[in-house]
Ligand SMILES: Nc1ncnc2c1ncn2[C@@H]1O[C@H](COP(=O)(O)OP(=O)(O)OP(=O)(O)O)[C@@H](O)[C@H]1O
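Starting off, we have a lone chain in the form predicted on its own, written out as structure tokens.
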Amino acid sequence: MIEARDLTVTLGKHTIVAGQTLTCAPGTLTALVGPSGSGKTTLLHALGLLLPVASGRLSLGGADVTRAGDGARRRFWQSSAAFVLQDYGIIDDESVAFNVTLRGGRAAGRADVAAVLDHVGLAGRGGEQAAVLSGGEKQRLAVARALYKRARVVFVDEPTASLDAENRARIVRYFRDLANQGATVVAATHDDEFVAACDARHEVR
């Protein structure tokens, strides 16, 4: 459960988002919506502990993390959270399988890695270098990483930007599946089709 109460985030002397109150429950897909420049991505990053909170209260799983230290944030990222950001977060010089597990070794041949790659339409490609993938394939690889990690919270930034209709529909379905499996999924998006698949929407102004 993510709970934000009167959350304000500043960068330097500038207030980027102010007074945001929302709740994102496990097993739900929540869309952060609003015009360009409204602060959707900033709010998303604050909810994921990537940016500090200037004022208000933020809790994750009932624990107050408003002033979480570096150690607490790292533990959250390592054990509970997955991020699917606009640049995909893919390491081009590593294999597809490495990008799923973020570990070396013989990951490409592991059954669990093969299963998540198959689920996102990248079956048999674990040994390939990630640089050869298209933009849509890299986005699906980022989803595979979240599936492999079995993340309890998934933060997503513009997941369907620049994707064709087929890949857009796939990505919407994958995040819907993650929520149906019990994850708390929060997405900043402009995509009406993605928003329609969500359980809740929060207007960022």
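Residue numbers run from 1 along the displayed sequence. Since the model is a prediction, treat every value here as computed from it, not as a measurement.
As for the form predicted together with the ligand, it is not shown, yet the points below apply to it.
This chain appears without its partner; in the predicted complex, the one residue of G48, G136, G39, G56 with a heavy atom within 4.5 Å of the ligand is G39. The stretch among 161 to 169, 141 to 149, 30 to 38, 57 to 65 whose residues place heavy atoms within 4.5 Å of the ligand in the predicted complex is 30 to 38.
Using a 4.5 angstroms heavy atom cutoff to the ligand in the predicted complex, all of L11, I16 and Q86 count as contacting.
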